[in-house]
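Next up is one chain by itself, shown in structure tokens, the form predicted alone.
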């Protein structure tokens, strides 16, 4: 398999962590939608990362769709997203909140980085960051210091998505050490696992 995307992207890193957690051997091409537009669009017409090229040559796009495929083909009887019932709904709810938090944080960042400062709409930036902060705080309320994971007593997509969202939020200036200490402690514990540490992007 070939993973297209940079792990600085929370969406790409979510897939990279999932691949590592499942023990899948893959090659990674460190491409992004800004510096490598044509190469990325060749894999995904939207020009977005990640994309995953399967051994068959088929290309999957969108992190949620890629993760769903990996759960189906690699997850056995303990996929990172449970297959049925209340456990599935609980994990999907957290994953949806955390990936939505990433969406909002990146919208704020893109607005600041790609719009002339005199055209910034600060209320929009503030609202995006408030939405991200609120989502992280909701997951903070679920974190328990005596539990190694958020749900089911094992690693799930709830943990993986919380990990990438917290990292992004911290990078965008949210003081998770002070405001979300339980979530921050979770991400520190997860970083000790090879699937997380081996996908850490290099410093900017």
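Numbering follows the first chain given and starts at 1. This one's a predicted model, so the numbers in the text were calculated from it and none came from an experiment.
What comes next is about the form predicted together with a small molecule, which is not displayed.
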item: Partner-facing stretch of 132-140, 170-178, 146-154, 49-57, counted where any non-hydrogen atom is within 4.5 angstroms of the small molecule in the model of the complex; value: 49-57
item: The small molecule contact in the model of the complex: residue 92, any heavy atom under 4.5 Å; value: no
item: The small molecule contact at residue 120 in the model of the complex, heavy atom, 4.5 Å; value: no
item: Heavy atom of residue 106 within 4.5 Å of the small molecule in the model of the complex; value: yes
item: In the model of the complex, residue 196 touching the small molecule (heavy atom, 4.5 Å); value: no
